[in-house]
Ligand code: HEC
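Consider the single chain below, provided in structure tokens and representing the form predicted on its own.
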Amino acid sequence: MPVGTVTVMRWVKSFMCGWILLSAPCHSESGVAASAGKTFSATCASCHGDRAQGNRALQSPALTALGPAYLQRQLQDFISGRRGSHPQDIYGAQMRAAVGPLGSGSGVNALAAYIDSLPAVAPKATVEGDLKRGKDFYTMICGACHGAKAEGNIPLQSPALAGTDDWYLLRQMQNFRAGIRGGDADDVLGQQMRSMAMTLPDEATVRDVIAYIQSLVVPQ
């Protein structure tokens, strides 16, 4: 029986749980971290929703599919300025201001663990594209890092893409291609992503790839 994307994502999340908490057990200690993280989540809820389900009107994506390791890294990047410092990154600047009080230690870990403990949210398709063409380009350019089903790849630090809002993926791809994201000299992974995004020939191809990624989401 084929394993659904959501099932794969849950397996990945379970595997990553101990890793993000510095190899702590994935039961009681991660539960304590998640509980502590709920305290930090009040600021996030005003934009991302009380269950991290996202709010497109505020350009705030759902966070439940991203995985704790990726969430932790992005929070640290916002705090350090590796992400969100470009003058055209309006939403990134908002994120930097919002997460600054977390610091870079246990608060980041706890918040990521709490978000990871929330139920997954299946996004609605909003980006249209040629699925066959999108699959071809995804397989050729994206799959080696993000997985055949866009489930992510822990050793490569590549997040899951299936289950992430397609409109958010589109904006981030546009940001990578424009140099708004991935341009910081210290953002090695962002630079890698920018270089891969630039291999897509045009905006239509970007939309094709994102539409294909969205097609991999298993309805819940």
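The numbering used is simple: start at 1 and walk along the sequence shown. Predicted model, so just to flag it, every value in this text is computed and none were measured.
Quick note: we don't show the form predicted in complex with the ligand, though the next part is all about it.
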- Hey, in the predicted complex, does residue 94 get a heavy atom within 4.5 angstroms of the ligand? yes
- Query: Can you check whether residue 53 is within 4.5 Å of the ligand in the predicted complex, heavy atom basis?
  - Reply: no
- Query: Any of the heavy atoms of residue 217 lying within 4.5 Å of the ligand in the predicted complex?
  - Reply: no
- Message: My question is simply whether residue 135 lines the interface with the ligand in the predicted complex - judged by any non-hydrogen atom within 4.5 Å.
- Response: no
- Task: Could you run down 134-149 and flag each residue that has a heavy atom within 4.5 Å of the ligand in the predicted complex?
- Result: 141, 142, 145, 146
